[in-house]
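Given next are two forms of a protein chain, the same chain in both, each as structure tokens and marked structure 1 or structure 2.
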Structure 1
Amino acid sequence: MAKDVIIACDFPNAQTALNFLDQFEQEKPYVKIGMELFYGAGPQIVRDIKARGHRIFLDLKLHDIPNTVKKSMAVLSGLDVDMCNLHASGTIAMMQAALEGLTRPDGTRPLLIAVTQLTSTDQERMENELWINRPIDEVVLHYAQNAQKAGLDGVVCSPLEAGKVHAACGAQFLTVTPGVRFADGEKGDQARVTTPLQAAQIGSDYIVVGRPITAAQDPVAAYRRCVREFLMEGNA
């Protein structure tokens, strides 16, 4: 199974994002376009970054009634992204509708993954604010199994849960994991985090890394360090 580092290009406008990517003269990193950039620059930023040769994870986290999500995914399927997502908490019916909408007439589609619990959510917040009283690991696994039943390709989860998701859903069920920080870096607003090396050892298939790369003094060097730790040292 392919593994990779995805850079979270959380920028407010197209020019900032493209200027950032201009620094990568030798590599074509896998890029995440989230809500900030998509809402700030519109669908054209997806086309522009794709035209440069980057793979794209479109991270819009859809969550609505099944019919609305189905129609929205049908629109997104025309952008030629490589991966997109929605919230697993939207139910199996919503995820099945999303998959139907995302699939093109020729049968092709991007990878579709479901967000289990955000990495900014911890046990206390989940219980006190969301009124979910099961242990967070159990909730993540249950949502992952629902996503698998719906026919999805994998889930977004914390690296801490990646191995358990694989154990429950199989090695081919993708784990895409934000919440990755260098050992000598800041956690920021993430509650459940690991290093790139730890994420590889636990079982992450893709790690999503934002500020440790985008806010680094030398983003290219930070990206290469991340690749080295996740793909090379992690497989040693």
Structure 2
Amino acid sequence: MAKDVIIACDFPNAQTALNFLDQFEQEKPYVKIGMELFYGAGPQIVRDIKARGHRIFLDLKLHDIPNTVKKSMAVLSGLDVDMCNLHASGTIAMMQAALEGLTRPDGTRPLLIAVTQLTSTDQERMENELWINRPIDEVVLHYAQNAQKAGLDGVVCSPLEAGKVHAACGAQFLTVTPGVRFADGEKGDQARVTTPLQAAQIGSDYIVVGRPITAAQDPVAAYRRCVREFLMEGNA
């Protein structure tokens, strides 16, 4: 199964993102475009980065009525992205509609993964604000199983949850995991982190890495270190 390092290109505009990617002369990293860059630069940034030969995870986390999500996913699929996502809390019907919208006339489609509970949501907020009175681990697994029932390819989750998700949903069900830091690096605002090697050992399929690469003095070297730890040492 494909495993890879995805760089979170959290930049405010197209020029900054393209200047960042210009530094990669020998490799074409898998790139995550999130809301900041997409809303700042518009859909053309997806076409531009795609035209340079990168694979793209478009992280827009859709959540709306099934018909709206279906039509929006059809637009995103037309942008030729490789992976996109939505909130599992939008219900199985919404996720199924999303898959229909994503599927191109020739039967191909981008991978579709679900956010279960955001890693910024903790047990207390989930109970007191969302009125969900179950342990958050169970909620994450239940939402992952809903995503699987709907036919999705996997979930976004903490690397620390990747093993449990695979145990519940099978080895083929993808785990895409942010919250990755080098052992000697800054944690920033991420609370529960693992190193690339630990993420590989727990079973992440794709790690999403932002600031440890984008804010590094030498982003290419930081990317190569991630690839080495996650793909090579993690497979050893």
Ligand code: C5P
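Computed from a prediction, not measured in an experiment: that's the story for all the values here. All residue numbers here refer to structure 1's sequence, counted from 1. By rigid core we mean the largest C-alpha set that fits within 1.5 Å across both forms.
The form predicted together with the named molecule corresponds to structure 2, not structure 1.
Annotation: Cα of Asn146 displaced by less than 2 Å between the two structures, core superposition. Overlaying the rigid core between the two structures leaves the Cα of Gln123 displaced by 2.9 angstrom.
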